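Here are two versions of the same chain, shown separately as C-alpha cells and labelled structure 1 and structure 2.
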Structure 1
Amino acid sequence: MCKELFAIFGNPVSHSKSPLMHNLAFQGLGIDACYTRHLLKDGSTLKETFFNLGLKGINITVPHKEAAFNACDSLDPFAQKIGVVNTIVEREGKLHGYNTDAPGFLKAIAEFKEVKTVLFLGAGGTAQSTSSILKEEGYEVTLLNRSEGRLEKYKADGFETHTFETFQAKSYDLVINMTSAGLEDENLPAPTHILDSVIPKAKACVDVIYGKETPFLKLAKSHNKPTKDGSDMLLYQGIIAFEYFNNHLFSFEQIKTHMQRVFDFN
C-alpha cells in the first residue's frame, strides 16, 4: 500500500501515459506514492470521487478539464484566467487547481528562437490554454479553424481568427497543429493549398500529437522544415504537475531524468 495516492481522471482514460510517467518518477526519486487511472463518467462527481478514493492529487484529461476548474476551492491565477484545470492537489482538505498543459507547451517550443508570429491550426481546448500563455509571453497568435463556432471566444479575446474560407496567408514563424487531425486518421489539419502557402515561410512546424509522424509533420518535412511532435509537451506538463504534487521538493531536471523513460516503453 502506498503512502500517497494520485490518479488521472478522464473518459476515456485507458490510453493515458500519465500513470507510467508519474510512477517512474516516484520510483526513481524514492517517493512512497502510487499513481493510477480512473474512468470518470460524470464530471460533476469529480470532487466526491477524489475524496472517496483518498487521493492526494490528480491530473484531469478530456472531457473533464472544465469540471475540474469548477471543483476547485482555489485556483492559481493562470488557471483562473483560462477556466481550464488539468492538475489538482489536495492540501488540508481543500482542492487547489492548476493548468500545466500551457506552461509545458511553452517550454516545449522554447527551443525555437526568434519566434514572434504563430499560426494555430485548430481552436479546441488545447488551443485555448496554449494560445493564452503565448499571448501573455508576447507572441502574436493567429487561429485558423475548420469551423466558425469555436473561434468566437478567441475573437472576443482579441485574437486574429480565420476559417479556411476567410484565410489569406501571411508569414508565420511557427505553424502548429493543435487539431486532432492525424491522431487516429491520416487527415491534414487544413486544406493542402493553405498548408503549402504557410509552411514554406515558417521557421519550424510543431504538432501537439505525439507517438506518430502525422501527415502534417510529413508535409512539413517534405518542405525541409524543422519539426517537433507533442512528446515534450506531454513530458513537460507531467513534470510541472509532479512539481505541484511534491511541493517543488525536486528540480525539473531531477524529475525529467526519471519521467522521460516513459518513451522507452511503447
Structure 2
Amino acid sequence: MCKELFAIFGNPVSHSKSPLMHNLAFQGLGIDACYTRHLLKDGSTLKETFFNLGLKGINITVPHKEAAFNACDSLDPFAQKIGVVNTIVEREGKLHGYNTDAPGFLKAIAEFKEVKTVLFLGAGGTAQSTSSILKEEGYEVTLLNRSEGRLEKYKADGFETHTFETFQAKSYDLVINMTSAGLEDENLPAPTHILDSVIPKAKACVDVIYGKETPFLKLAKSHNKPTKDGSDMLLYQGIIAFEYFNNHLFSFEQIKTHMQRVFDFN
C-alpha cells in the first residue's frame, strides 16, 4: 500500500487525466505515493470525505472549486483573493488551499503573442481564477455568461460583463471557452450567432476542455483560426500542484519530464 494517497474530486471525474499524470511523476521520481479519482456529488461533504479517505492532498475540478475554498483552514494569498481553490494539501490535520489553475493557464497561453483583449465564455470557478491573474498581468478581460447571477462578483471587481441578451460584439484577441459545454455533449458555450460575430475577428480560440475537439474548437477551425485545447493548462497546473504536494522538493522541469508522458497514452 502507498505511503501517501492523493486524489481528484469532481463531478464528472471519470475523464480526468490527473491520476495518470501524477502517478507517472510519483513513479518517475521514486515517491512512495499514488493518486486516484473520487466522484464527489455533494461539495459540502468535501472536508469530511477527504479525511474519511485518508488523503494527503487533492485536486478539485468542476463543480466544487468554491466548496474547496470553504473547506480549507488556511489559504494562500491568491486563493484567498479569488475565492476558488483547486489544490488542497493536508499538514498536521489542517487543510491548506491553493489555486494552480491560474498560473497554469497563464503559462499555457503565453505562446499567443501581442494579445491584449480576451473574451471569456462562462463565469464559473476556472474563469474566476484565470480572469484575476490575467487582469494582474495587464490583459483586458470581458466575461460573457448565460445568466446575470454569476457575473455580479466580476462586475464588483471591475470587469466588463455581459449576458447573451446584453452582449454586443466587439473585437477580441482571444476567445476562450471556460464552460463545460462540449465535455460530455455536443453543445456550444454560447449561441451560434454570438460566436460567429466574435470568432472571425479573434487571433486564436482556446478551450479549457482537453482530450477532444469540442464543437467550439471545430467552429473556430471552420473560421480558419488557430486553436488550443486545455492540455497545456492541465499539464502546467498539475506540475504546480505536484510542487505543493511534495513541498517543492522537485523543480518544474523535473516534474514536467514525467508528467508530459500522459499525452503518450490515448
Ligand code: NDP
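Keep in mind that what you see is a predicted model, and the values were worked out from it rather than measured. Throughout, residue numbering runs from 1 along the sequence of structure 1.
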Practice problem: Just flag whichever of structures 1 and 2 is the form predicted in complex with the ligand. | Solution: 1
Practice problem: Comparing the forms between the two structures, identify which of Y236, A79, V175, M21 marks the hinge between the two rigid parts. | Solution: Y236
Practice problem: Give the rotation angle, in whole degrees, of the smaller rigid part relative to the larger one between the two structures, based on C-alpha superpositions. | Solution: 16
